[in-house]
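The chain below stands alone and is given in structure tokens; this is the form predicted on its own.
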């Protein structure tokens, strides 16, 4: 049984679902919580995922305590009815930790995809760091993207024979989408037409900065600083555009539109479906973001990332030099952005990734581990 509820989880679990469902040794039941609704549905449609159970728990600005309670209550009868051999969860969301707790309490072995990430600060990212640690405690099998993640799990007391280093499944999903965009010209033309309706200067081809912002710990002062920095960057670089898909959360959208809404070379758009977002990512110059997943995806496409957080759990990319932590310091964000726009050496130093998150076969490695696992 696979359980997920957000767009990032769906993206990263789609390759796992496909890998297992095409193998006669597995019977897969897909349950979604719809912690995100519209954003989740876009990914389900893109990857053609047949949902067996939809708990439909999405509520605008839902309190995380209420969400956890609702996920646990919703999953209990599903698990009781199915009695699955294993419950697979992903990453660090409220859906993941809630499902893992239910599985553990009901005696169902839990498999954790994207296990072992650590920022070593319970409050950053919040509540994701706590969610990861709790899920580790409940899980029977741990699918770690990197050797560093494996070491984190060993440090937490997880037995080595319960850990499988697989790479990150987001690279599997990204490769799937990128190949289609690159090699199917008619499909790419259709994407161009859709983007032309949102971005009047599309295609801007490597002449724009891609910005995203949604992390809970940046709500308030942090998002305000990020927006002020982006406004300065756009003002001092009039020939460079900024594309900013705005997260619908009211803690984000109101601030972003209030500060950046009148700047000529900043394009505030609605969140993009994953395939369109990948296309925009492919064509961007670099990123300013607080996203965790983009710290994995962008380096794979040789895109530098300025991370608007003080700490990161994607330490491999940090060591690789493909991401830099800039926090929410206005001056530092502006300084590093201007450097990437004007200093070719600074730019090139951030685009030579060793691809620490794998090469696109993580889901196959997870299937192999599940085939041979005893739990």
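Because the structure is predicted, anything quoted here is derived from the model rather than measured. Residue numbers count along the first chain shown, from 1.
One more form of this protein should be noted, the form predicted together with a small molecule, which is absent from this view; the next part is about it.
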Out of 267-275, 97-105, 235-243, 184-192, where are the residues with a heavy atom within 4.5 Å of the small molecule in the predicted complex? 267-275
If the cut-off is 4.5 angstroms on heavy atoms, which of these, 109, 222, 127, 293, is the one near the small molecule in the predicted complex? 293
Counting non-hydrogen atoms within 4.5 angstroms of the small molecule in the predicted complex, say which of 231, 150, 285, 214 makes the cut. 214
Residue 5 versus the small molecule, in the predicted complex: is there a non-hydrogen atom within 4.5 Å? no
Is there a heavy atom of residue 172 no more than 4.5 Å from a heavy atom of the small molecule in the predicted complex? no
Report yes if any heavy atom of residue 11 sits within 4.5 Å of a heavy atom of the small molecule in the predicted complex; otherwise report no. yes
